[in-house]
Structures are given as C-alpha cells and as structure tokens.
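One chain follows as structure tokens, the form predicted alone.
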C-alpha cells in the first residue's frame, strides 16, 4: 500500500480518498482501477478478458490505443482498509510523461447501452442533452493543462458540464496553449494536434479501424489525450503525444454491425475546427503552421 497513490493526472471519475474508492498508481507504470459496483465492474472485466485475447483485433490497435490488461488484484484501500477490493490492473497510460497535460473526451451522442433500464436511459439522456454530446457527438469530461513553470489549469466538473460548442472549442485551444491564466496562444497546436504522430493522425488511424470493426459497441467510453508539456515546450515538437481509449463498463456486443454511435462522435471530433480545417491559424486565431 505504501507505493500506491491516487494519480496526479486524473481528470475524470471518482478520485480515491478516505471515503471513496478510486484509481491508484504504483509508480512502476501500473494503474489500478477498482471494479465498479453492481454488474458494471464484472462487465468491464469481461470486456478486457475478451478484448485482450480476441484473435481478430489487430495487434497494433490493441497495443497503441488500449490499456494493456494485467489481470486483477485484491487491494486494501484507504476507503476500506479491512476489506480488500478487486482492482483491474492496467498500464498507466501517462506513465513516463514528466508533466502530463490530459484531456478526457467522452465519445458518442448516445452514452447508454441498449440493455439499460429506463431510469438509467433517462438519466443519461438528460446529461447528453445538457452537454454537447447530442450536438457534437462528444463532450469534454475532464482536462488538465500544465503551463511553463508548472502552473496547472484543471476546470471543475460543473464548468465542463456547462460547456457549449464554443466552450469546447476554447477548452481544446487552451489544451495546446502555454499561457498561464485564462489566455490562449495555441503555441503547441502544431506539435500536439498535427504531424505524423499527432492527435489528428492517431485519431484517423483509430477511425479506420472503427469503419471496419463490428465486434464491440463502445458506449460511454472516452478518448484520453496526453502529452508531456515540458518536452513539447522545450522542443516545439514531439512531447510523447498519446491517444488512448478508456472506460469500458458499458461495452456491448457488436453482432456484426459497425458502431455508428462511436464512429460518428469520432468523426465529429476529427472534423472539428479545433483539429483541422483550411488553416489552423485561421481556425484558432493563432500563428501556427498548417496541420492538414
């Protein structure tokens, strides 16, 4: 237990505390996610077991865009020290980044699986309609931006829930800015969003798989964006840009049908004016080079 701690870079979901279960990291590159209550935890575990062993999932897709699954482990926690709780053992997707800037983007206009009970559907529908999920096919669930000097901007959940389309655009501009406070300079847009290994290139590779895969339908899953603010600031490029899928408690069987809900949200994110267009400098109002 002495090596386990809540991840500093967590931007969405419940944080581990004296009263709540939450994810932990151990400093060696592993991430421990407590199994959720009810059937959600067992459902997510079943997905990881099936996905990790599925012969038709391309190894590059599995290794590049999904957490590697290392089984489960019973852990005592601060919330329940006398009652060890089962945790999924996964790769820490941001391990090795000295100053991770992170964004959690929930994908899909519909965030509940078909088998959901009516009260849960109503709850999700209200949230989807009250955010940009229905309008854009995605919403920003969490963000953490590290500016030069170590200043961190991490807006609270109510602020993110209240974002409209223009607000989402502002957040994704600030995600690639180096200005502390409320300003945006988008100085890192070319390095983070553009280039061969940038966000846009990786999202397009993921999109190509979703245009073909009919194994799973990903409801309420998120795309996690990450880069090392220190590395990208120092070099003007690189920064270990990462694009990962997370949160699989509501994955459904694909039954031979393309996941149009997730694919639609992914396409919307790719086509958003923040990530592509005629000139990124025109779209963002920033003096950076063309990304597409």
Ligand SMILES: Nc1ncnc2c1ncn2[C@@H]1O[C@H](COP(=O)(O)OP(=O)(O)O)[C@@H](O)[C@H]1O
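Positions refer to the first chain, counted from 1. The shown structure was predicted, so the numbers you read here are calculated from the model rather than taken from an experiment.
This protein has a second form, the form predicted in complex with this ligand, left out of what is shown; the following refers to that one.
Interface membership of residue 52, defined by any non-hydrogen atom within 4.5 Å of this ligand in the predicted bound form, is ruled out. By the criterion of a heavy atom within 4.5 Å, residue 261 is excluded from the residues contacting this ligand in the predicted bound form. Using a 4.5 Å cutoff between non-hydrogen atoms, residue 269 does not count as a contact of this ligand in the predicted bound form. Not displayed here, this ligand is kept clear of residue 64 by more than 4.5 Å at the level of heavy atoms in the predicted bound form. Residue in contact with this ligand in the predicted bound form (any heavy atom within 4.5 Å), chosen from 232, 224, 45, 251: 224. Contacts between 25 to 39 and this ligand, taken as any heavy atom within 4.5 Å in the predicted bound form, involve 31, 33, 36.
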